[in-house]
Structures are given as C-alpha cells and as structure tokens.
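Single chain ahead, by itself, as structure tokens, in the form predicted on its own.
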Amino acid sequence: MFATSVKPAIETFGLSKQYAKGDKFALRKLNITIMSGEVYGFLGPNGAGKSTTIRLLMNFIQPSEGHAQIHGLNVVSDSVEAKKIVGYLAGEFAYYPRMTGGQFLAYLSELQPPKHKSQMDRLARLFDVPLNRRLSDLSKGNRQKIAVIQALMAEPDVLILDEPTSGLDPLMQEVFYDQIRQSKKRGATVFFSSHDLSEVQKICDRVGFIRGGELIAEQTIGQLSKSAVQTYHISFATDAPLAALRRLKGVKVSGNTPQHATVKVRGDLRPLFSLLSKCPVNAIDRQDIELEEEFLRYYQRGAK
C-alpha cells in the first residue's frame, strides 16, 4: 500500500501498561506500525485500552513494559521533540474557562506556531465557531470544535486524536473528515480512536481492533469491506425465488412481500448474480456495507 521509501510514523514495541502491581493490564504487548501518510483507526468499546494507548504515545503516563516511537523519536526520552510534530486532541477537552476561544487558540499557537498564520481563522470559519465568547459559555459541541481546531491548526506531521468527533453534529463531522483527508494529502499521519465504524469507513486506510487491552485484529478497510456482509434489496416482476436463493452458499434471505426479498451475502457474489440473471428482476438496491457486524464478529470470536 505504501512505497518502500515511506518510513514508519508511529511504532510501538510490546507497549504495555499496568496501573498497579497485581492489576489487570490496561494495555498488553501492543505492537503496531503506522506509516507516514496513513490514516489509522483504533477501535474498541469503552475501557478497551484506546485512551491508555494515546496517553502513552503522548508520554502523559509511563509504560510498564515496552516502548513507542514517533518518527523515530522515543516518546519518553525524546518527549519534548516528539510533541513538536504532534497535534493532539484529548478525549476530555481541558480548557481555561475565562479565556475566549480566540485567546485560547492564540495562546496555544505560541506554544506550537502554525506554519500559516491564517490557518486558525480559516478553521474557525470552516467549523463555524465563535472565537469571541468565553469557553465556559460555549456549548459542548462548540468547545469540541475549538479542541479540533487546536489540534489541526499547526498542520503537524502527526495527529493523535482521542474520539475527535464526539459532540460534533453530522455537518461538522463531515467538515472534520474533509480536514483529515487534506492532512493525509499533505503527508500527515493520523492515529485516532473511535467506536464508530461509519467514520472509519469514510477516512481510514487501516483499522486496528482492541479489546481488553489487547490488539485482536488489523485490516485495511478494503479487506474488511470485502469480508463483510453485503445486503441487497431485490424487487421481482413475479414471485421472488426464495427457495432458490436460500440454497446459495453464504446467503441469508428474508421475504418482505411476495415480489420482494432482502438478501445478505458474505463472500463470492457470482452465484447470486448468476441466479438473478435468469429471473425477471425489476430493481436491485445495494445497501451500504455496515462494518458494525464485522466489528461484533471480531469481538465475539476473539479474532487475531
């Protein structure tokens, strides 16, 4: 997927975290390699180890075992240098309540100067957020917009984002996805945690599933979509051939009306369409692939 000249942007080597001796590991022997320019989704339910991983990458907590690197910099011993190239968004946005949004962003831009001075204002317009009001007076959604802007505005080489779309309405989520695509286009690497499969489908190159502090699977979105269940709503000019459809391998069929069937297929589609070519079909509507079923499948099977 990536040229051999492209180097890893984020690497973890047996990265583990145990908060107290005798406790269960919050993260255990995580080994991932994320290449420069890759958008990597880190998925799992609450308590799976997503935020722990991000805090370790940001050196907010220390690993119990193993280590991690960002562009070859050790996140512990080279923490200051590593943070200079990272845009970070926390799962819980910490802010100065008496500051306005503009004051807050200006303060952070002194700590990590933007490459382009107009970037802050451009993002504020895109996300339609008021910069002249105190942060304490803003809604949760508007505060989340400020949090997203502060992570993006320096145009960093690496973005590490913890549940970035939490609190954003659907329109602002689309604005965020577009900014991630633009970040990828300029060569930035994006690592973000989520429990929303739909946003992973839209912007990720690859996804890692984490459960109970352990990585249980990694796949490209293409691989995941290829193995996912695909759903078709089919209208026939005559009665639907339910019996013939049900004899097909890997096919589940439900009859809605005598002339309509919903067909779910995993794997090869050729037998289905071979059968349909011999039937009087009026219309076929393909439902968007829902990776939620795949997400649950990995968790139920404990896939590796």
Partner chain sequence: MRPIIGWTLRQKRLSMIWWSVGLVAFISLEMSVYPTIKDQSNNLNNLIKNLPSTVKSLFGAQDLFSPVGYVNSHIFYLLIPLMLAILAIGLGGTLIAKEESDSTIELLLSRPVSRGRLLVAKALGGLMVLAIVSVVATAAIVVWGKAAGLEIPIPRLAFASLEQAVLATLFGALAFAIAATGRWGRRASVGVASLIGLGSYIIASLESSVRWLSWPAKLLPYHYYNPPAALNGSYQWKVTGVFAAMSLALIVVSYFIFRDRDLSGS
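Please read all numbers here as calculations on a predicted model, not as lab measurements. Numbering follows the first chain given and starts at 1.
The next section is about a form of this same protein that is not shown, the form predicted in complex with the partner chain.
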- Message: Considering non-hydrogen atoms and a 4.5 Å limit, does the partner chain approach L131 in the model of the complex?
- Response: no
- Query: Applying a 4.5 Å heavy atom distance criterion, does A90 contact the partner chain in the model of the complex?
  - Reply: yes
- Task: Would you check, heavy atoms only and a 4.5 Å threshold, whether V265 touches the partner chain in the model of the complex?
- Result: no
- Task: Answer yes if any heavy atom of L269 is within 4.5 Å of a heavy atom of the partner chain in the model of the complex; otherwise answer no.
- Result: no
- Message: Quick check on this chain: which one of S254, S274, T33, Q62 has a heavy atom within 4.5 Å of the partner chain in the model of the complex?
- Response: Q62
- Please pick, from M99, V229, I180, L168, the one residue with any non-hydrogen atom lying within 4.5 angstroms of the partner chain in the model of the complex. M99
- Tell me which of 67-75, 147-155, 216-224, 189-197 has residues with heavy atoms within 4.5 angstroms of the partner chain in the model of the complex? 147-155
- in the model of the complex, residues of 96-132 near the partner chain [heavy atom within 4.5 Å]: Y96, R98, M99, Q103, F104, Y107, L108, E110, L111, Q112
